[in-house]
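One chain comes next, on its own, written as structure tokens: the form predicted alone.
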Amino acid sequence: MNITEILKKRRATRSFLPSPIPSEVLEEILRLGCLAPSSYNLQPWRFIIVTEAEHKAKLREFCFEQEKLTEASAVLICCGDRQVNQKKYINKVIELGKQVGSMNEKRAKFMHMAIPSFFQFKPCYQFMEAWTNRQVMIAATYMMIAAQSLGVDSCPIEGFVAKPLREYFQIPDHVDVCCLLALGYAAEPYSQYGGRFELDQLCYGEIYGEAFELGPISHERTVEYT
């Protein structure tokens, strides 16, 4: 499938078959998801991969008894690490850039100066959890698209009680739980397309609230959903 077909086909899966995801496919989903962009390439996402029935049963308990938690082949607990702004970690990111040839001394010096300032003054967010969630959701979205491209269905889940989940899975205080991502093979009937609002309800031109208008769109470029 090309990217247009993947985006059109993906649905949030309500029920999964008992079929397991091959380990090499799951690893590829994780690998592709971690190609997502992040601020300063800090890659603050951390994923707990839950596949054992005992642990999935506990997840279901923490998620208001949603059956898909135990049906799914794997459930990812998608987390964000708030300590990626520490000097030691920044040095690791810089060293990684040097290894792949994308980091020079000028860029390294800029990162040592800019990153602490960004986290101190928070120019575009109020709480650190907002920043980690923002980064993690980009990676989780990459994973959903990657999964669909490999024939694996998914469902993002934010209906969970954080405190007991954190305690059971021993998640440190400096790590935020953003969402869960259930992965597997959808059981019939498949989730139906729920519809999307027209662009004129969602997009504005130049200033919030101003009408957004596009030029004529050819028939070949029109995307139809079924």
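Bear in mind that the values here come from a model prediction, so they are computed numbers and not experimental data. Each residue number is its position in the shown sequence, starting from 1.
Beyond the structure shown, there is the form predicted in complex with a small molecule, which is absent from this document and is the topic of what follows.
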Contact with the small molecule in the predicted complex, heavy atom within 4.5 Å, among 79, 111, 146, 155 goes to 155
Sole residue of 94, 137, 115, 74 within 4.5 Å of the small molecule in the predicted complex, by heavy atom: 137
Touches the small molecule in the predicted complex: residue 203 (any heavy atom, 4.5 Å): no
Can you check whether residue 12 is within 4.5 Å of the small molecule in the predicted complex, heavy atom basis? yes
Is there a heavy atom of residue 163 no more than 4.5 Å from a heavy atom of the small molecule in the predicted complex? no
Quick one: does residue 159 come within 4.5 Å of the small molecule in the predicted complex, counting heavy atoms only? yes
Please name which of the stretches 165 to 173, 53 to 61, 66 to 74, 36 to 44 has residues with heavy atoms lying within 4.5 Å of the small molecule in the predicted complex. 66 to 74
